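Read the single chain below, which is given as structure tokens and is the form predicted on its own.
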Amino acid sequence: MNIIDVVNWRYSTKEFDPSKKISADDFSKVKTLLRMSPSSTNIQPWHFVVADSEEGKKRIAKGTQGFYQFNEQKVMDASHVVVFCARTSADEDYMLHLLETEDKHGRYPNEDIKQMVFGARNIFANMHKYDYKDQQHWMEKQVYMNMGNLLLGVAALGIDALPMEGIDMKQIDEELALREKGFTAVGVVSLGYRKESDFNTPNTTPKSRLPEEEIITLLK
């Protein structure tokens, strides 16, 4: 499957087949996609809560009650459901933890480069914290970058996905005790395999995108 085939095959799946499950081998690849996503300054301000059991999915589905009830079945019928969480702070302890993890993985040929990267990452983090006053939003943008990376990656594996913001994030935070752990939910992605009856499949409901000449400008 080439990349053009992949982007034309994937779509926001509205009906999952509950009888089809993601294999252990493929789920291992899904976890790698989550870990290896890029982020600004490699800050990796994320955590992922995954449910593949009935009980686990029921806990996440508590965020689909009331106004968001239209998403309940999309959680319960999926093979796996991923709650995307953002950090609520990037304090000195976390910055040092990142630095030492990178050092352990051999990223720094010497101490000078290590400290230069540490200083640069803190400059950007402090810029968003004190100057732009949008550090939380900045970290959440990195989480959304990860979500996009996952959607394309799982499509390449032949796995269907549905990203959802139609979830009560406060309810998810409370159910999973995320805020006490220094995180907050920003979105949920259901993973699995489409039902043939899904009205939103590309062969039933053609995909629609703005034309290339409207959205791409080539500078000369």
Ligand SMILES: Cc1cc2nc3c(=O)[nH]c(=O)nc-3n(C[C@H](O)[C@H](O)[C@H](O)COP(=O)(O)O)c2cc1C
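Not measured: the values here are computed from a predicted model. Sequential numbering from 1, following the sequence displayed.
Form predicted in complex with the named molecule: not shown, discussed below.
Student: Even though the named molecule is not shown here, does it sit in the predicted bound form so that Tyr11, Pro163 and Arg209 each have a heavy atom within 4.5 Å?
Tutor: Yes: Tyr11, Pro163 and Arg209 each sit within 4.5 Å of the named molecule in the predicted bound form.
Student: Only one of Tyr144, Tyr94, Trp138, Phe124 has a non-hydrogen atom within 4.5 angstroms of the named molecule in the predicted bound form; which is it?
Tutor: The option sitting close enough to the partner is Tyr144.
Student: Work out which of the listed stretches, 66-74, 175-183, 23-31, 38-46, brings a heavy atom within 4.5 angstroms of the named molecule in the predicted bound form.
Tutor: In short, 66-74.
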